[in-house]
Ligand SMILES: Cc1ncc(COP(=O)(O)O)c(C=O)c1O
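Just the one chain here, the form predicted on its own, laid out as structure tokens.
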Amino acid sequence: MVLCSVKCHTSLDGEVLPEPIAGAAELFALDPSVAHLNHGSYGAVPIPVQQAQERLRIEQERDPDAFLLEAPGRVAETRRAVAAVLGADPDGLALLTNVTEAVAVALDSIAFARGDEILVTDHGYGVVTRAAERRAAECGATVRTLALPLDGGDDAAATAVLAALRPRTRVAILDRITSPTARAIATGPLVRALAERGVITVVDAAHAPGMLGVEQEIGGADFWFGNLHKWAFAPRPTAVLAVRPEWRERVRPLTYSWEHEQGYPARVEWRGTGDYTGWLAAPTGLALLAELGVERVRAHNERLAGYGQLALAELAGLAALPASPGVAMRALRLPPGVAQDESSAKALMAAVRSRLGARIAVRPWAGGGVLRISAQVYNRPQEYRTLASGLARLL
């Protein structure tokens, strides 16, 4: 007997599929002529959350002075509400725009000495690695990239990271879930092992909020940041940065503001006449996720992503890469010679959109690129089958 945490039916040679969550697809304003199989890149904002943000924008324009004068307090209230859902310390959590901003804040808050090493992996997000390279160049530090095999499991990745440490390794920047390959790397045990070895941990958890149960993770790493606009139904751009107590007084904001003397987290949140409406609407997205059933949504998405990977492997002949538990994305290896550089990867994504009517993510990789699909409550099994059949012809 196959047990599911959501209602299931069987398809594609006995694969168990989740029952669609009634009314969930109608919560989104997505173009129905496109199969949106790339939720992991930009997310999709539900209509009720869009409406909540629009009400805030109208309120702001009715009396801009009042809105912006009251905004710091309302941002603090929102932060506390988000922290309660994520199981985080509200005094250690800050609202930011995205993980790109968060990694810059984290790196700028660490004092590097000449010769210090920042360890990253080749599965990491490119802009995060570039941020590390810029910071290292400013301080005389170095960045070393650890190559991890595409076909390795989560335990193998952790073992490789620990084996790669050197005496001058000061910081490790690791993904909770990697963007190109949907792999879990910065798990709790690995973060704790790095801390025991005196390594500062910076965790890119862009995909964690909403997708994973993060309550046991936040507070473990020195710096932990994730987007709310991917899997937590918040407006773009909305992210959180969690900082351990010993670092909070050392956190440097990217810009100085009138809230600077309030300390962390207010000093990194306030940016004058910024648009705070997305942040203030974020609790509406979290409430909607709770209304749908967090565990129900997670189980649905993980199982549907697995089905999509199976369809692409069987119908398009792609090689499935290892999947991590709880992840609503899957990665597959493209044939040798396909999407090995940035331009050809972008060309393949464009061809899939124009000829197959689908949105996917493709990242270049030596020996054959990596194709990534996502699953969200608005997706259906047929979308993956159609993609797989069309991709077999396209390739």
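Don't overthink the numbering: it's just position in the shown sequence, from 1. Since this is a predicted model, take the numbers as computed values, not measurements.
If you look for the form predicted in complex with this ligand, you will not find it shown, but the lines that follow are about it.
Proximity to this ligand in the predicted complex holds for none of 20, 296 and 379, with the criterion being a heavy atom within 4.5 Å. Here is the short version: of 98, 142, 284, 187, the single residue with a heavy atom within 4.5 Å of this ligand in the predicted complex is 98. When you look in the predicted complex, the only residue of 125, 112, 276, 270 with a non-hydrogen atom within 4.5 Å of this ligand is 125.
Among residues of the shown chain, residue 300 is not one whose heavy atoms approach this ligand to within 4.5 Å in the predicted complex. Contact annotation: residue 40 falls within 4.5 Å of this ligand in the predicted complex, judged by heavy atom distances.
Contact check for residue 217: every heavy atom lies farther than 4.5 Å from this ligand in the predicted complex. At the 4.5 Å threshold, heavy atoms of residue 179 reach this ligand in the predicted complex.
Here the chain stands by itself, but in the predicted complex one stretch of 84-92, 319-327, 287-295, 224-232, 224-232, has heavy atoms within 4.5 Å of this ligand. Counting a residue when any of its non-hydrogen atoms is within 4.5 Å of this ligand in the predicted complex, the hits in 187-211 run 204, 206, 207.
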